[in-house]
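Single chain ahead, by itself, as structure tokens, in the form predicted alone.
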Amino acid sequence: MGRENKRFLEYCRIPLRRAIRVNRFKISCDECVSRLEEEGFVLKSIPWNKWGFWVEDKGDVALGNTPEHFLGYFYVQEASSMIPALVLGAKEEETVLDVCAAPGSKTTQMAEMMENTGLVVANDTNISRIKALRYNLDKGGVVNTIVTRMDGAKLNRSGIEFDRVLVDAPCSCEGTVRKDWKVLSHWSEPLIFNLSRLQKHIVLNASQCLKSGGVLVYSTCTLAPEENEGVVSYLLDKVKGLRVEKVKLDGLKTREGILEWQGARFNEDVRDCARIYPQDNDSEGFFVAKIKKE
């Protein structure tokens, strides 16, 4: 076993650090940090997001039981989960489609980036998850978002085009083992193949909701190439006029996309996708692709 593989396995065994994103609608970063530190928490800034912090419990009160949490001053969100919205780069007055939105971590993050202007369409199919999504939108003070319940593979039938589209796809969750080892009890190759087919349908239809010159971000919290590079390669081969742009965030270490896996050769452009391994940023495993429509 190589040194890099050993480091990967070592980090997979280390419990994941908890992280939060400060809600800029309700409180300043400095004030939120100060309040939590007074309650005994130790905060460390996340390099790629000035509103994000790793949090270590030191006091008697659990993070989820603090007044600041109940008031919506911060959102508990894993550090890697903050990356897709930052890469998508939604701006004020734009229209954004969040295809698989619940429970709302990235939806609320994008709304904050847009200063509650423009429009975010937050879509999901699971009614119980939609309830959590609505709760988090209300709690966070988000007012520029509407919630829909549609099949992600049929969204293109609306005929509406968006400036930016986020597809944070349902996946096998391999990258989340540091948070919960139980995900491996559900893991299987048939699961990966089934999810890959679903992801291809979703991202293909989502791309048809994108304006010319628009940006689509495809992300997962898994490391399986069938669900990552394989899906992006499928999209590039099916839809002309799309190109992958490199993911660049200050303070974030990424790896290139894989061009070949188990005999399958992917589109050369997937090299510019970003793989995020646990040992590189002390985070979850993650995958992000930024796709521009010419």
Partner chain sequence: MQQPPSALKIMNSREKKDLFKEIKEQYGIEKTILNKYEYLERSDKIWLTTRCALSKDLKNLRMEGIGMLFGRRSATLKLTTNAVQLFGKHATRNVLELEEEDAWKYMRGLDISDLSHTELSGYVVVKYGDDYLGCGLYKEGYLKNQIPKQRRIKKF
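Computed from a predicted structure; not experimentally measured. Positions refer to the first chain, counted from 1.
We do not show the form predicted together with its partner chain, though everything after this point is about it.
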(Q) Given the stretches 75-83, 122-130, 216-224, 192-200, which is the single one in contact with its partner chain in the predicted bound form, using a heavy atom cutoff of 4.5 Å? (A) 122-130
Q: Would you kindly say which of 113, 102, 142, 173 lies with a heavy atom within 4.5 Å of its partner chain in the predicted bound form?
A: 142
Q: Report whether the minimum heavy atom distance between residue 160 and its partner chain in the predicted bound form is within 4.5 Å.
A: yes
Q. So in the predicted bound form, does residue 118 come within 4.5 Å of its partner chain, heavy atom to heavy atom?
A. yes
Q) Is residue 205 close enough to its partner chain in the predicted bound form to count, meaning some heavy atom within 4.5 Å? A) no
(Q) How about residue 184 - does it come within 4.5 Å of its partner chain in the predicted bound form, if we only consider non-hydrogen atoms? (A) no
**Q.** Members of 130-152 lying within 4.5 angstroms of its partner chain, judged by heavy atom, in the predicted bound form
**A.** 130, 134, 135, 138, 139, 141, 142, 143, 144, 145, 146, 147, 148, 149, 150
